[in-house]
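The form predicted alone is given below as one chain in structure tokens.
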């Protein structure tokens, strides 16, 4: 019986992780869960149905409400989240909570020798240098990085000529820049393939999700940025490709179903039979697999290579500015294309120390600066809508 600590239980990956656990009751146990606390009724239902031992809720008021309705022990704030990842009973931590908040508990779990199924890409983007120390304890959950992880196992990293990440492209990749000026929020949230939370869906629409994944791949697999490329693959059947130096090409193919990489991570290094979107070549008989270059007006990809070149705190600034910009767009305060403007302007504004020896405290300080700067830049510009 493998006991699972799930960070981000009310998100898309969280729900699907619980589904995988519930289909394997003799092998997996949901030991503890953590969440921001934005959906208290959902959390209460999860606790009552799956009976975790601990519940950690970031928001204090929501934590009090939940404590009144469940038998599980309810812990509060980031300290509560840190406490459940440290629990000696936990065998595997699934880090699926969205945003910078995921860094501390992910790092703490690794420091305590826990195996981590990593779905919180922001942790590795902002804390890549810190997390790399424990890289042998990480199983990637993102479908692209899970694919690469499987393709390069037991291979010499020097044999890799290129890693190619595929992107669905979101709803807008075929549109010209002029067509993106008046994009509505509801249109940006209509992903053609995946069903995800608002933040990651907007990131997919701007292709920032792919930019973050380029950074993630660099830190996870110790591959230089110039050997990492992203392309559009609308069908989302090929999740990544690895080109070897002798020009053999390895491709990972599976139906677009996040339960497949989640299951792989939960049972690693074993594989467990499941009924999640079984693959047959008949599925491809009438499906043309297409591949395209990413249009240059999606500036997110340029940002990824830029911050990797600069190193230090710049991936943290990119992530923070994007989180703020996406939130402002969802609130209707800025336009779709302004997300790129705010990110670019925030990166350009930083004149502080580009620390090479990073600590969590430095990253928190820079994250706070970048968030405040991004908001200030938006409010002072003509793009902001009161």
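Residue numbers count along the first chain shown, from 1. If you're wondering where the values come from, they're calculated on a predicted model, not measured in any experiment.
Another form, the form predicted in complex with a small molecule, is not on view; read the next lines as being about it.
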property	result
The single option of 103, 266, 214, 96 touching the small molecule in the predicted bound form, heavy atom within 4.5 Å	96
The small molecule: the contacting residue among 110, 84, 304, 258 in the predicted bound form [heavy atom, 4.5 Å]	258
Residue 223 within 4.5 Å of the small molecule in the predicted bound form, heavy atoms	no
Contact flag, residue 119 vs the small molecule in the predicted bound form, heavy atom cut 4.5 Å	yes
Residue contact check: residue 200 to the small molecule in the predicted bound form, 4.5 Å heavy atom	yes
Heavy atom of residue 373 within 4.5 Å of the small molecule in the predicted bound form	no
Contact stretch among 35 to 43, 357 to 365, 325 to 333, 340 to 348 - heavy atom within 4.5 Å of the small molecule in the predicted bound form	35 to 43
